[in-house]
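A lone chain, given as structure tokens: the form predicted on its own.
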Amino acid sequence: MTNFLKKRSILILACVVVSLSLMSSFLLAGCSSKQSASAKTVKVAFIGPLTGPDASEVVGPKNCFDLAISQANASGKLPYQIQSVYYDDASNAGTAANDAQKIVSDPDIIAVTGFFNSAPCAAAIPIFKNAGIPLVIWGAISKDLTQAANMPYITRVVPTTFQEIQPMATMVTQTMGYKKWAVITSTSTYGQDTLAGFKAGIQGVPGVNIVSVDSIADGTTDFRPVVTKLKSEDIDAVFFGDNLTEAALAVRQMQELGITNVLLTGTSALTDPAYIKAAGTACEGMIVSQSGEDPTLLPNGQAFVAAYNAKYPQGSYGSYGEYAYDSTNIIIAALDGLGANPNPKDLATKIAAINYNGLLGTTTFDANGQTTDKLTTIMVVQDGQFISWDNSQYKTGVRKLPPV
């Protein structure tokens, strides 16, 4: 064979080897691509007002959601890592509906936990239900959000407005004797629900009279017209059924106008430390009804508080943080046992039937998807912080509330 033919043969052989090598690489890449495509990415969504007037109240719940997800991923109990995704409803029903459409359009989102406000929650519920995506509610408390028709897809870990407010309303009227009331509430669904809950709590208590009701739009900053009117009314107590920012402004303006000798009461939305910071000394002695119990007094509470403080040393878990934490962990617990490729329908069924021992104690859901845990705690502001009424100097009489 000539040198030319030898060189040509070597060149042809080299080309064949290169071609086979490239083909092998393409086949391997194709197999790798198929494996990657078949691997399940599991996302869990958090939705709430991350911006706007209620954003400060959702920092804690979002942190608690993050904490639960990070703990689950670190544990290695599930055959995948959970990816957190976040949606901002800005306390707006239309925005919440748009967010819900985006969520159900993502095939990797298997469950959702939210909301802070009831109106956005109500707007999103039909979308999640129709798409078969489970939603576990941690904050919105309108009683109509959980219904048998929405099961098993819609459940809620927090007590309703009525369950939360009634014990406090009964105590301050029937036991403590405050009879003449002014109500300042929001025009929102939440505000009107709190008004209905307060009325239900005082129903049947002899001599109780609601002297006036003022419903104020969220975002209001000037309460002086309402507060000035209160000066001319014969009242001995005020119930606030609105959110943190508005209630703080209202009580400060009451103090500025000299209305300091009436009992102040409110809802769990005010138990965030941000409320006391905003209201200042004007809210000393204020009584509110808080869903649940102080986590430090609960069986699993010490571990939760330690883990939260380690991850967020400068932050508070807020009024609904423990509910966001348990709602997320309920989703995680229900995922356990569904394999590497869980589907939302099976997950929803497991959530609805769960018997979960968590931070809040044992959580189960009734036929409407509402938690059977109705624990509420009456709190009072003492020395610039909310403490349990039962542990306060106001209950023992060492400190005095405004006279009846």
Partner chain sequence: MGSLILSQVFNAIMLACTLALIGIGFSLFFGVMDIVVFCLGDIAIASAFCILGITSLTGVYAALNGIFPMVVSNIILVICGGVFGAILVTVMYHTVVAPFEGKNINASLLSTVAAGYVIRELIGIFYPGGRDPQNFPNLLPTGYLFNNTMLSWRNIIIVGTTVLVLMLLYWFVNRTKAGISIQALSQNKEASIMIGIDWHKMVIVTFLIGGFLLGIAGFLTASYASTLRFDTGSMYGLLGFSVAVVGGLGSIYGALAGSLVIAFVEVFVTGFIPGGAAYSGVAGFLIVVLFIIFRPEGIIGEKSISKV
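Residue numbers count along the first chain shown, from 1. Keep in mind that this is a model prediction, so the values were computed, not measured. Each form is matched to the other, and the largest set of C-alpha atoms that superpose within 1.5 Å is called the rigid core.
Separately, the form predicted together with the partner chain exists; it is not shown, and the next lines address it.
- The contact with the partner chain in the predicted complex, taken as any heavy atom within 4.5 Å, belongs to Thr228 out of Gln81, Ser84, Thr281, Thr228.
- For the options Lys199, Arg252, Lys179, Lys143, the one in contact with the partner chain in the predicted complex, meaning a heavy atom within 4.5 Å, is Arg252.
- Ala306 falls outside the set of residues with a heavy atom inside 4.5 Å of the partner chain in the predicted complex.
- A residue is said to contact a partner when one of its heavy atoms sits within 4.5 Å of a partner heavy atom; Ser232 meets this definition for the partner chain in the predicted complex.
- For Asp214, a non-hydrogen atom is located within 4.5 Å of the partner chain in the predicted complex, even though that partner is not displayed.
- In the predicted complex, no heavy atom of Val205 sits within 4.5 Å of the partner chain.
- For a residue to qualify, one of its non-hydrogen atoms must sit within 4.5 Å of the partner chain in the predicted complex; all three of Gly219, Glu246 and Gly258 qualify.
- Of the candidate stretches 168 to 176, 295 to 303, 148 to 156, 220 to 228, only 220 to 228 has residues whose heavy atoms lie within 4.5 Å of the partner chain in the predicted complex.
- After superposition on the rigid core, the Cα of Ser215 moves by 2 Å or more between this form and the one not shown.
- In a rigid-core overlay of the protein, Ala306 has its C-alpha displaced by under 2 Å between this form and the one not shown.
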